[in-house]
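One chain comes next, on its own, written out as structure tokens in the form predicted on its own.
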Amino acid sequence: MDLEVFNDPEIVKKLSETIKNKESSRINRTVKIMHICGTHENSIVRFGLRDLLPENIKVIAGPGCPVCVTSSRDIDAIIDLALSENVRITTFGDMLKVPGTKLSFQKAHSLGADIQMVYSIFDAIEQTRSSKKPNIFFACGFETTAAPTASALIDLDIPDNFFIYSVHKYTPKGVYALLKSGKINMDGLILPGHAATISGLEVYERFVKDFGIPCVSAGFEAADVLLAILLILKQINSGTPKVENGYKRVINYEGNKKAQEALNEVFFLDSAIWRGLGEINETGYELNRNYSRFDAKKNFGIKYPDNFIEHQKGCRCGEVILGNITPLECHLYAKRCTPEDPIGPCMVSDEGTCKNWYDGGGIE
């Protein structure tokens, strides 16, 4: 499919005008729409979509960046292992600069730890085949990357020296718990375009039932995002919140059943620490008993630090992740905290809100 049609200036202009002149004009208050996907924030900044919206429609970034919500506790623990044992750690490139309490993976590497970047779990497995030492894949991401991890363990011939340290997280239950706790609030929710291809849309029905929030899935082109906003506003104006599919060319209501079966076979959901947001039940993908031989946490007797610091003094990433402030409201942003020397996790990844704003020229 030619994606250019979803960035056609005339289509984008028509959607923007419909939002401004028809739907938003019927709402005499500020409407807060949250997305929970870092790639959506990248699209919104890259296409300048906030500039196309009326003043009373605010689109905010929620907890949609997986490396941003990876706890310092896990980073500290695996770095301690890498510095004390003859092991190799592999992980995605956007994890390398994420700060732990004292060190990032990149800084630990400079101190002698064997830490290598990989592009996928398949890349990590191939690296292991040419290595004699234990190789531990620090597996980060939501359902979108958890599913390939599961499939690889089911389908591939895995070397005996390959292990996984899972920090994969499950999006729907995490966001639901944050809503229930009152830590995040919004008038409408743009559902993730990637993670929802795995989980489907049915799991979000209880958001509508329990909180009365319109939920609309969206793709990543300019027209995709504006369409989702328009559909949410239509639901608000009609007083009929529901789960609606604005990304039908990719997402279906039930999700990817094969991927879900793989996830259920390999993982179970346990409590997990979301960085700066606290511990949330049934949101962390942990390896099931039949796959425990791959579990680095068990096989290496991982010791968690008694004290760990999620955000350094002055860093407001926790508030940015919850959508309570914009990056511009953090006094470290673009001054002491930059992509070259990030203080907070939101300034590291292309899915991080602060990094997106910085790259998009959002500098005072």
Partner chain sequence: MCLGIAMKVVEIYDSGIDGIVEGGGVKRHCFFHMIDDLKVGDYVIVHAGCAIEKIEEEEANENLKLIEQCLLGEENGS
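Positions refer to the first chain, counted from 1. Bear in mind that the values here come from a model prediction, so they are computed numbers and not experimental data.
This protein has a second form, the form predicted in complex with its partner chain, left out of what is shown; the following refers to that one.
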Exercise for review: Tell me, yes or no, whether Val250 is in contact with its partner chain in the predicted complex, where a contact means a heavy atom of each within 4.5 Å.
Suggested key: yes
Practice item. Answer yes if any heavy atom of Asp187 is within 4.5 Å of a heavy atom of its partner chain in the predicted complex; otherwise answer no. Key: no
Check your understanding: Is the gap between Val98 and its partner chain in the predicted complex 4.5 Å or less for some heavy atom pair?
Key -> no
Point to revise | 4.5 Å heavy atom contact, Leu83 and its partner chain in the predicted complex | key: no
Review point. When you measure heavy atoms, are Gln235, Asn237 and Pro342 every one within 4.5 angstroms of its partner chain in the predicted complex?
Key: no
Exercise for review: Have a look at 176-184, 271-279, 290-298, 193-201 and name the one stretch with heavy atoms inside 4.5 Å of its partner chain in the predicted complex.
Suggested key: 193-201
Check your understanding: Heavy atom within 4.5 Å of its partner chain in the predicted complex: which of Ala152, Ala77, Val87, Ile213?
Key -> Ala152
Check your understanding: Tell me, which of Ser71, Ser104, Thr128, Asn256 has a heavy atom within 4.5 angstroms of its partner chain in the predicted complex?
Key -> Asn256
Revision key, fill the gap. Near its partner chain in the predicted complex, with a heavy atom at 4.5 Å or closer, the residues from 120-152 are Ser120, Phe122, Cys140, Gly141, Thr144, Thr145, Ala147, Pro148, Ser151, Ala152
